[in-house]
Ligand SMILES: NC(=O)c1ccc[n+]([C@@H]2O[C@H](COP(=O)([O-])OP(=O)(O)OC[C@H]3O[C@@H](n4cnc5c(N)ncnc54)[C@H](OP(=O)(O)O)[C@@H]3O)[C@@H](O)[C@H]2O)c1
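We begin with a single chain expressed as structure tokens, specifically the form predicted alone.
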Amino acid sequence: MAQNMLEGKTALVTGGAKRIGRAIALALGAEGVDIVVHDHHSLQGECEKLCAELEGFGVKSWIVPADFAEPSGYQSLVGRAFQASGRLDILINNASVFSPDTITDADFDGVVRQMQINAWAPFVLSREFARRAGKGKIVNILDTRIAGFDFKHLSYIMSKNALYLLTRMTAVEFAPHITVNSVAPGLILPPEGKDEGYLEALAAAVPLRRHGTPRDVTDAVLFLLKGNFITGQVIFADGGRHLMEYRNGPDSDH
């Protein structure tokens, strides 16, 4: 039987209590990875539910809350994760905010908030992970729209492009003992307040003519974590949607 390369390792998953972060945490737990679950203080109950599910895989889990809108939250997170678990081998930078704004109405405070949570916090976490762990793997969760434009979420797409740039730069800086890669999901889960019909309506514009599932993202994450000769890359888990992104103009609903 092939050896499970991930079993016995420990991962910090930011934004781990909900949506794609939760799916990644569970996929890692199924591989025998102990999980440090980060999320906002307001999601304590969701974190506890996740940890109960992780126990079913026979792995350990810890909850380490932090508010990424506060520098003290993300600056101390890796240290507190090490203190709780004793080790870290994997960092999944998944936590983000997705607030609408446009070129017309974007303001400085809104841009700074999304850049801080979506790009600067993951960078600080990655730098501290590299310093403390010395070796391991980092995966950043991006968005397929980095291949084009999102005129309805200016600050968000700026922040995800910044994280994509940081993925490549830290891949060089942290080599050879740490790999840094990214996964860019497409139509995977509907936005808060929308149902699956929202995804189905947009799926016709995807080359594969369907939307994906969290499994498509977690498969890509696991592939990167199990590889040892890939760094600085982005996998678009989007059914080919990124190939169409440059067709999107200011009035696009994609």
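A residue's number is simply how far along the shown sequence it sits, counting from 1. Given the structure is predicted, the values throughout are model-derived calculations rather than measurements.
The form predicted in complex with the named molecule exists for this protein as well; it is not shown, and the discussion that follows is about that form.
Considering the named molecule in the predicted complex, the lone stretch of 100-108, 140-148, 83-91, 127-135 in range is 140-148 [heavy atom distance within 4.5 Å]. This chain appears without its partner; in the predicted complex, the one residue of Val59, Leu187, Leu222, Leu26 with a heavy atom within 4.5 Å of the named molecule is Leu187. With the partner removed from view, the residue among His41, Lys194, Arg209, Arg215 that has a non-hydrogen atom within 4.5 Å of the named molecule in the predicted complex turns out to be His41. In the predicted complex, the named molecule lies farther than 4.5 Å from every heavy atom of Leu54. With a 4.5 Å cutoff on heavy atoms, Leu202 does not count as touching the named molecule in the predicted complex; it lies far away. The closest heavy atom approach of Thr179 to the named molecule in the predicted complex falls outside 4.5 Å. When the named molecule is considered in the predicted complex, Val78 lies well away from it, no heavy atom lying within 4.5 Å. Residues of 86-117 lying near the named molecule in the predicted complex, listed in sequence order, are Asn94, Ala95, Ser96, Val97, Ile117, the criterion being any heavy atom within 4.5 Å.
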